[in-house]
Structure formats: C-alpha cells, structure tokens
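Take a look at this single chain in structure tokens; it is the form predicted alone.
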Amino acid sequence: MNERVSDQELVKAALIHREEFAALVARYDVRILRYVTRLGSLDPDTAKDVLQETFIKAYLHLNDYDPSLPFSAWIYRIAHNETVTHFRRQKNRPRPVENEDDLKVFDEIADDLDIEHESNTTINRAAVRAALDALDFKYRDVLLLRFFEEKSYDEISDILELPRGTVAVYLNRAKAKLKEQLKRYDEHT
C-alpha cells in the first residue's frame, strides 16, 4: 500500500470501486484493533468482532464521510461507538488493560501525574492498571486516546464528538481521579 496516498484519496477511490476499501482497512486495522482492545480490554476474539463491526459500519456509511475532516478521527469515532454498543449489548464492564505492550504507557501516565514527586513512592504498573480500570468509561477513554493512542486534544475532540474544552476538562478530571485511585492504592500497601 502506498503511504503517500491520502486517506481522502483512498475514500474517493473506494466510493468508485468498493474493493478499494481494503486499502483503508489495511491502513487502519492494526491501530483500530489496538484502540478497541485497550478501550474495553477485550479478549482478542471479541476485539476482532468489534473491529469487524467498525469496518462494516464505515463501509456502509462511507458516503457520509466528510473529506474536509481527518478520516482517522471518523474511523476512531466509529470504533469508539461500536465498543460502547458492544458493552451496552453485553451489559458488562471493561476489564483491566493487561497488554504487555502497554506497560511503558502506565509508567508515562504515572510520570505525567507526577505521583512519585508528590508522594515519594513508586507507583507500579499494576496499581496504574487497577486505577485506570476503576475510572468511569468517559475518563478512561480520554486517557487511552491521549496516552496510549497519542492523539491530540483536537483529534480526541473529533473522535468523541466533544468540544476541545470538554476534552481538556475530562482529561484533567481523569488525571485527578486516577491520582486519587493511586493514592488509595498507596495507602493500602
């Protein structure tokens, strides 16, 4: 796949020849699967089901995509909505993130919160994982998008369909709630 071809050009090609949609799938499948898995800490099979639903929904609504906006935000929004729909259908709660590739991000979140400086303790990855799992879905989502998916505030705003200011507020509240959870963990150890 030619990385120099823009997402908008791929969408335009897919609208003319539906089989060209495979290029968009190839470009985004790994990233979206990673996001869906982290967002809900889904087992691999369930995450792949949600990924498939995401691409089916994107394919069916490709005409609705506004090419003046980033395609990545549009597809991430669909993935977010499909994950939420999955949990509503299952009436279950996301499980803790347990992907070994994510361990360094837990350290980065702890560093960003400046926990060690404030409490003079080392916050371990398991504590950050447990604290992240304890957060409300909306707070967990902004943290995942910001730290795990490395999305900008504007991209998070597009993905979650929230004003940029709300994203900033959610992120600050999420950090505060995460810090509170980590302090509780520290008190019990």
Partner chain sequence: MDSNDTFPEELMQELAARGAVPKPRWQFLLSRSVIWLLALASVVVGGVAFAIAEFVFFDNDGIAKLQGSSIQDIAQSIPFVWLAITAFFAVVAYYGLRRTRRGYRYATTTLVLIVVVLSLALGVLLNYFDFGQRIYEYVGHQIPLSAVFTGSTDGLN
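Positions refer to the first chain, counted from 1. The structure presented is a predicted model; accordingly, all values stated were derived computationally and were not measured.
Below, we turn to the form predicted together with the partner chain, even though it does not appear here.
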*Looking at the partner chain in the model of the complex, is some heavy atom of each of F21, V25 and P163 within 4.5 Å of it?*
yes
*Report yes if any heavy atom of S152 sits within 4.5 Å of a heavy atom of the partner chain in the model of the complex; otherwise report no.*
no
*At the 4.5 Å heavy atom threshold, is F147 in contact with the partner chain in the model of the complex?*
no
*Mark R31 yes when one of its heavy atoms lies within 4.5 Å of a heavy atom of the partner chain in the model of the complex, and no otherwise.*
yes
*Answer yes if any heavy atom of K138 is within 4.5 Å of a heavy atom of the partner chain in the model of the complex; otherwise answer no.*
no
_Within 4.5 Å of the partner chain in the model of the complex, counting any non-hydrogen atom, which residues from 142-161 show up?_
S157, D158, E161
